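Below you'll find only one chain, the form predicted on its own, shown as structure tokens.
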């Protein structure tokens, strides 16, 4: 029998291989055999409580359940509920709004925001730039939209932000391209937990600004802040956003906002893409292309989650209770990460600079081999191209104890083999 390829040529060879979900499935399989108590799940990017169940913020759940059925069942406007978009802008910046024009488009989660930025602000066939440690879905979206992903080395020899290699890649690509989209996932970077400092941001802007004086050059920066509410105090972690004041008109900043992590509302797939520009015309164009993309891809976005955010934010007492609960969840994740960091230092396990967020990363030449060796200890983490991602968000305090030592032992065994 001859097997015909029915898909269009540009799609027929696409096969999704997702290391995160594959690792989580291996963990689930082990739990089925050995029991959940015996297995450590450091794979999945959601906060699990100390009993291993999905952690849901009580105030969020209470408000969500109080919504009228009409808010859950009705369509939302194509660009999103107006009050939702205004709330998103306020929440994105807190007390750090730059001097600029703003707008926002509702999207299907932070992923949808990233999709819209790549689809509309990178030329087909050209490169999008991000760091060599990156969330794999960036590449999937680039392929889907006819772009390609290129990377710079995130860390220098001192494990600081590698501004020299960032500059080299920007210079290299802008010799070939008239426009460039740069994706920077900070703070609480996935998968390392790293964050650019204020001086790092100064250096980034100093590198790209000179190109704005070149005829025909256009530069867009997408800041992925999916984990920002697990990175520290809200205004401290957002101070860098003030640097987006009065930028050149052909230097456009977008910020991807997500309700998944910050609201423990992962499956409702609600987020937004926020625009920041010194040019009202650029923001007006953003509104039009974003509206077009929304209509083409999902028509409109989950109304119930948008209504939830509005109702939460408009009641100061309720939102204060919500923020208190989220702070407690942040403290829990940070405590888990601190155990790993301290024990890694004690046993000599090399790991990348962790500032906050869900994940810690350990460099490795053969990540799959290390992870497979950890399976002998019923510990499951995610093998990536450059190393191993450990999800501090999903591992209880008790189970986190000893993981670093087990990982160091796995490295030693693999090195001897």
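Note that the structure is a prediction, hence the values are computed from the model and not measured. Residue numbers count along the first chain shown, from 1.
Below, we refer to the form predicted in complex with a further copy of the same chain, which is not included among the displayed structures.
Considering a further copy of the same chain in the predicted bound form, the lone stretch of 92-100, 317-325, 132-140, 155-163 in range is 132-140 [heavy atom distance within 4.5 Å]. Judged against a further copy of the same chain in the predicted bound form with a 4.5 angstroms heavy atom cut-off, the residues 49, 235 and 330 are out of contact without exception. Contact between residue 243 and a further copy of the same chain in the predicted bound form is not found at the 4.5 Å heavy atom cutoff. Though the partner is left out of this view, residue 169 does not reach within 4.5 Å of a further copy of the same chain in the predicted bound form, counting heavy atoms only. Heavy atoms of residue 260 reach within 4.5 Å of a further copy of the same chain in the predicted bound form, making it an interface residue. In the predicted bound form, a further copy of the same chain sits within 4.5 Å of a heavy atom of residue 249. This chain is drawn without a further copy of the same chain; in the predicted bound form, the residue among 301, 88, 183, 273 with a heavy atom within 4.5 Å of it is 301. Comment: a further copy of the same chain is not present in this chain, but in the predicted bound form one of 127, 205, 339, 72 has a heavy atom within 4.5 Å of it, namely 72.
In the predicted bound form, 7, 8, 9, 10, 11, 12, 13, 14, 15, 16, 18 are the residues of 7-34 with at least one heavy atom within 4.5 Å of a further copy of the same chain, listed from first to last.
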